[in-house]
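Encoded as structure tokens, the following chain is the form predicted on its own, with no partner shown.
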């Protein structure tokens, strides 16, 4: 590749150390599409003849078939995906293949390929997120009438509808998965035509390249040009790079994508932790299906929530990739440096793991694998543990004109009373209430149900049935229109 400058060959160890083709071959499709766009532009400006362009197009068709069939011979000594494909193209069509790199550098080539790949990956992740949200929403719709404890400090706090809890997870995933932002950042700026760092010497039209870089056809070019004027594009990118130095040095789009993955995984991990707790014998709120659990090699009775545990475990791996990227970029001088070769494995693995976890969690929440144990939940509520009815007492006192702080004190003394008597709130009598405080009237007794407390929460974000049904309807509409 650079025999004109070097008389010797790299040491075999150096070849193995510096190669990236073992992982960046994933960019082959984007590399071919970008090269086809660039070849068309070289023909338009007279560097290539029409025949040479057709030869290049035919050569890439052959290479595509070879790669898709697994017959392509990836060579470590050619370092990366770009040189492997270019070398094979030259083998197939001769000198026309040698002309393809005219005015182009692997610096703007890889930046373009990587951006197109990242945008497609972000879109794939967003679709997987919506698949998971659809499953959560379906389970919430089925469980509107189930009441269970909500927890603060991992202690029973107040009763809520199970559907309300599921919708909380819905919002965590929806707001914790900014993949469309990552998509828009990746496709905002086209580096193609920026060369190694200072631009292209042959007058290529970077706007045309921006629209064509992902395979957009000539028929769409003029429409793309019009849209670029208002900051929009129907092609690969919104607009060409404004600065060639920035174009080849920038990896913010990769940070955005991995950040989206890390944020999404953090939310999935929290949901997984709740499900792990809920599926224990101590809680028993849900039973996870055979498809997402495993047994023990020694204890035949076990049902281990492996899917959720692996999601929780993989989160650290993805967050680590984000820190790896930040560290990689923090001290790089302008413009391209070989360090940037290290960006891809972090992005590839972060997106692989996040996509797998989204799909697995959708499986966890499927109707077949997410069984709600209503009787067990009701038994937990009937036990009276946690004295969740206490909030009803404080609220009732406020409605009787008692200042909240006084009501808080009175309610605390009532909790202490039932605790010492080893009673439940459901066992209280009018005499018990009077023994604690004369302001606790007998009519309070009918207000002590958990259902009554849930139905008090009539605010927009509350857990009253009418409010939950409203939010369900809103989210179903959103999910349908966002497809």
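Residue numbers count along the first chain shown, from 1. The model shown is predicted, which means the values in this text are computed figures rather than measured ones.
Not on display, but discussed next: the form predicted together with a small molecule.
- Just one of 367, 338, 71, 98 comes within 4.5 Å of the small molecule in the predicted bound form, counting any heavy atom, and that one is 338.
- The partner is absent here, but in the predicted bound form a heavy atom of 106, alone among 371, 359, 106, 270, sits within 4.5 Å of the small molecule.
- Contact between residue 110 and the small molecule in the predicted bound form is found at the 4.5 Å heavy atom cutoff.
- Residue 82 belongs to the set of residues with a heavy atom inside 4.5 Å of the small molecule in the predicted bound form.
- A residue is said to contact a partner when one of its heavy atoms sits within 4.5 Å of a partner heavy atom; residue 187 fails this definition for the small molecule in the predicted bound form, lying far away.
- None of the heavy atoms of residue 139 is located within 4.5 Å of the small molecule in the predicted bound form.
- The stretch among 256-264, 74-82, 384-392, 238-246 whose residues place heavy atoms within 4.5 Å of the small molecule in the predicted bound form is 74-82.
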